[in-house]
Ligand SMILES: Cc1cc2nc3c(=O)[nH]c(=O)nc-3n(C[C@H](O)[C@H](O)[C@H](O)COP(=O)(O)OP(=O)(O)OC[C@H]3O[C@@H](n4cnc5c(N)ncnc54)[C@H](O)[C@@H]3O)c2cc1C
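So this first bit is one chain, no partners, the form predicted alone, shown in structure tokens.
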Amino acid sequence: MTQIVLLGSGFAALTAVRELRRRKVQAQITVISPRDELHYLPSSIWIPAGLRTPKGLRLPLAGFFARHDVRHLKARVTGLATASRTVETDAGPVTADHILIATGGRFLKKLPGIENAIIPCEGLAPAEALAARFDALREGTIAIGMATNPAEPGAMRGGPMFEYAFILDTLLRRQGRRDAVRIVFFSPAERPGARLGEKAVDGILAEFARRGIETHLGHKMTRIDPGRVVTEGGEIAADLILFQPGMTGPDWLAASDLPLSPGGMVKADAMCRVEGAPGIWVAGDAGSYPGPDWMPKQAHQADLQAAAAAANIASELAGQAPTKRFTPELVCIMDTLDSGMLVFRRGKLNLVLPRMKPLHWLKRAFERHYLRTYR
């Protein structure tokens, strides 16, 4: 029987499972990942407010795998040989006819002292630690920042950091603590969030000003010390530091012969085929793809890439040439806990809806859709 192996159990891998089965692909599908549950990280922004708990954002996938006739191998990927299409894991090698890399990326941690900051999007545990530190802070300064991968500027995920700034500001105001706590947003970019579009950046900076969130922009970071962020343009004394560094590919790529981009991600074409490696595909944050400079690293884009990869795998298995190109598309609702701002980009269209209460509930509706799909 034809063997398809999916590396990872996040958004891209699970979307690929659904699309392959929807297209009546009868192959044996094996998902390789360290855990058999989905961590729904987009909603971790609500953990400090008590709207969500880490436990509630962990979705067991046994039922999903059973419904789609998927075998799960609980293992970590350690390497990949393209010629033989063999995945090396800590549970032994696995060979397949098609391999989809959907392991996600990882955050760069080269900045000296980065261990003194919380990287909230690294998982549910950091978000929980942030919530505890925030609850204990009676007065002082919260510094919130983000950067990118210098070798691949698009390899970043900055939207959640804007959300944390807005959400923590809203919480502090509700709790009567805002006057005692400064919030400072920092970034090496003079206009952070440029991939969202100029109108969106204008809106974000205006919202910072309206809320009294200070900014420290356009200065390269040099290190993070306990209690301060140090940049070439000065220091920010802080009692709580949240920092989202740029992204690169997973560490196991070093033990593979896959073609890599300057930023350390797997090079792919517009149909999610890995360059020079027939039968090997990539979707989501682990890949580097052709497209506009604003193309995001986010779950929605990973879903679109996974759907394209699954369609092309199905075509090849049917003896047809792959033709499905993924659509570069950015959909972002920046939540403020009681409202939200919507940014949408596709082609030349760049739509920005200003802060409105219904957008907060729309984001929660998207969450319900995802959770219902995988429960």
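Quick note: we count residues from 1 along the sequence shown, nothing fancier. From a predicted model like this one, the values you see are computed outputs, not experimental measurements.
Heads up, the form predicted together with this ligand isn't pictured, but that's what we're talking about next.
By the criterion of a heavy atom within 4.5 Å, Ile213 is excluded from the residues contacting this ligand in the predicted complex. In the predicted complex, this ligand sits within 4.5 Å of a heavy atom of Pro160. Contact between Trp252 and this ligand in the predicted complex is found at the 4.5 Å heavy atom cutoff. Although the partner is absent here, Ile45 lies within 4.5 Å of this ligand in the predicted complex, judged by heavy atoms. None of Val229, Ile144, Ala102, Met265 but one reaches within 4.5 angstroms of this ligand in the predicted complex through a heavy atom, and that residue is Ala102. Proximity to this ligand in the predicted complex, defined as a heavy atom within 4.5 Å, singles out one entry of Ala155, Ala165, Ile236, Ala302, which is Ala302. Proximity to this ligand in the predicted complex, taken as heavy atoms within 4.5 Å, picks out 76 to 84 from the listed stretches 269 to 277, 130 to 138, 194 to 202, 76 to 84. Contacts with this ligand in the predicted complex, taken as any heavy atom within 4.5 Å, map within 32 to 47 to Ile32, Ser33, Pro34, Arg35, Leu41, Pro42, Ser44, Ile45.
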